[in-house]
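Next come structure tokens for two forms of one protein chain, structure 1 first, structure 2 second.
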Structure 1
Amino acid sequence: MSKALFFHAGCPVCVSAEQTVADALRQPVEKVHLGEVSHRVAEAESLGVKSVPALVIDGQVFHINHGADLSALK
């Protein structure tokens, strides 16, 4: 089973959402805080992420609610 990726920017609401979603998924979830690892913004972008928080499962991007546009994190 492939790993899921959860991109976020660290706001408390996003982190709470993240934990619920991560706990609910069968597969392991790597949480990527784009505010802390800004070099991974390009990776998120290449996967099709437009805003955070976003969940990527098997190459499919799910933009969950809306925290910030990816462009705000560059």
Structure 2
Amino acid sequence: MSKALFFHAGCPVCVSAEQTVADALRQPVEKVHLGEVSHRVAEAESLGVKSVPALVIDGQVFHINHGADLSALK
């Protein structure tokens, strides 16, 4: 089983992100490989994704590390 850690500073933004992510990950997550389905790059862009990997939950974008700018996938 995987182990997930969520680090934060206790501020309202961090606590909100923690609650949002924890609640959402109890649900199935659609995984979109933009290198294979490039027609969805525009969708990601319209949601506010700037780079990948990123997780979008209820319209809120969580950029995770930095693998590639979205522009590199166009």
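Note that this is a predicted model, so its numbers are computed, not measured. By rigid core we mean the largest C-alpha set that fits within 1.5 Å across both forms. For numbering, take structure 1's sequence and count from 1.
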item	value
Structure number, where the criterion is the form predicted alone	2
Residue 16 C-alpha shift between structure 1 and structure 2 of 2 Å or more, rigid core reference	yes
Per-residue Cα shift, residue 7, between structure 1 and structure 2 [Å; core superposed]	21.4
